[in-house]
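What follows is a single chain, given as structure tokens, in the form predicted alone.
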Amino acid sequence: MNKLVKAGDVVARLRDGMTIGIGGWGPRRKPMALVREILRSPLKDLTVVAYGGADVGMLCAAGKVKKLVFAFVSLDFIPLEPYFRAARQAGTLEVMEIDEGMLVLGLKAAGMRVPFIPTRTGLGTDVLRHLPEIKLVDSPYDDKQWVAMPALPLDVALLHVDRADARGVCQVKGPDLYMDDLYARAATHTYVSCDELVEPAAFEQGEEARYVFWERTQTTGVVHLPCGAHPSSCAPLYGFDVKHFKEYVASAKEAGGWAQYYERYIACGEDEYLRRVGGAEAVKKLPLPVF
């Protein structure tokens, strides 16, 4: 079975108004090349579900997002993503702002095909006051009420991984999977970009299969996009690009800054983008963050 597709093929299958989950975490292992492909398209009115970083900020800057379901939108060393901040302060987004753990449970519920998962997370907080769509549920086992975190089903999940094969087997060797396996299971269709495209036999060697975290049946399509997470990181292959992120953040403070960033780094296409950020060799030399 050959699931190889091009980035343009993935975006051609998306539709206005879809709910799209974007994997990764802040500035880490985001499918940025696929996001840039969306930015080049006419897609609009998207509902985006993410532990957000520049993926969310760029989509907000381009006016692609109607609703955002999120726990945070951060560049980590730059605490608040600037273009998301501008959209949030301007009130141009519908939002469902929830706790990080509640987002986990919403994705889990969608993957389990159940309408909600009960949790104590959110009790006694303003989440319930600001989000009346999140209900409390009576426990059948005691006299307590729990938060009923609703499922977050996705039309599409977009993920980035270290390695994949044409069958849709995906491998992540970084120190943290984040919630990518949950996104894959919560989605009707999952498209994965990968830095390295390998033969199936690669996963039969040693302990390589230990780093495969969802079934290949969950993967709809695979796009070979070396350095496709840049400027976010893809450990252990490369870290996030601090210099580029600082340039991106600075653009948010300038009149016409987004248009200039778009023209320089997005409109040019992915091959030219990679050349303009220094090429694959420079990306692979970016140091991994230390925590």
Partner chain sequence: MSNMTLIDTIICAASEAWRHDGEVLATGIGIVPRLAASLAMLTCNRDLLMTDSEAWVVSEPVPVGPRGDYRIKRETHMGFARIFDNVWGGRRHAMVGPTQVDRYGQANISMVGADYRKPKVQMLGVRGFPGNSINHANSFFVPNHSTRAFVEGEVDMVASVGYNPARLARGWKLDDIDIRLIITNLCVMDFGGPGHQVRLCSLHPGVTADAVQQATGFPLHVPGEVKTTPAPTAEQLALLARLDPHGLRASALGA
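Numbering follows the first chain given and starts at 1. Worth saying up front: this structure is predicted, and the values here are computed from it rather than measured.
We do not show the form predicted together with the partner chain, though everything after this point is about it.
Engineer: With heavy atoms only and a cut-off of 4.5 Å, decide whether Phe84 touches the partner chain in the predicted bound form.
Structural biologist: It does: once the partner chain is placed as it appears in the predicted bound form, Phe84 has a heavy atom within 4.5 Å of it.
Engineer: Taking heavy atoms only, is His130 within 4.5 angstroms of the partner chain in the predicted bound form?
Structural biologist: Yes.
Engineer: In the predicted bound form, does Val95 come within 4.5 Å of the partner chain, counting heavy atoms only?
Structural biologist: Result yes; Val95 sits at the interface with the partner chain in the predicted bound form.
Engineer: Would Asp155 count as touching the partner chain in the predicted bound form under a 4.5 Å heavy atom rule?
Structural biologist: Heavy-atom contact with the partner chain at 4.5 Å: absent for Asp155.
Engineer: Just to confirm, with a 4.5 Å cut-off on non-hydrogen atoms, which of Pro200, Gly206, Pro175, Pro115 contacts the partner chain in the predicted bound form?
Structural biologist: Contact check passes for Pro175.
Engineer: Which residue, Leu80, Val212, Ala148, Ala166, is the contact with the partner chain in the predicted bound form, using a 4.5 Å heavy atom cutoff?
Structural biologist: Checking each option against the partner chain in the predicted bound form, the one that comes within 4.5 Å is Leu80.
Engineer: Among 40-48, 243-251, 65-73, 224-232, which stretch sits within 4.5 Å of the partner chain in the predicted bound form, heavy atoms only?
Structural biologist: Only one stretch passes the 4.5 Å heavy-atom test: 65-73.
Engineer: Is any part of 182-210 within 4.5 angstroms of the partner chain in the predicted bound form by a non-hydrogen atom, and which residues would that be?
Structural biologist: Contacts from 182-210: none.
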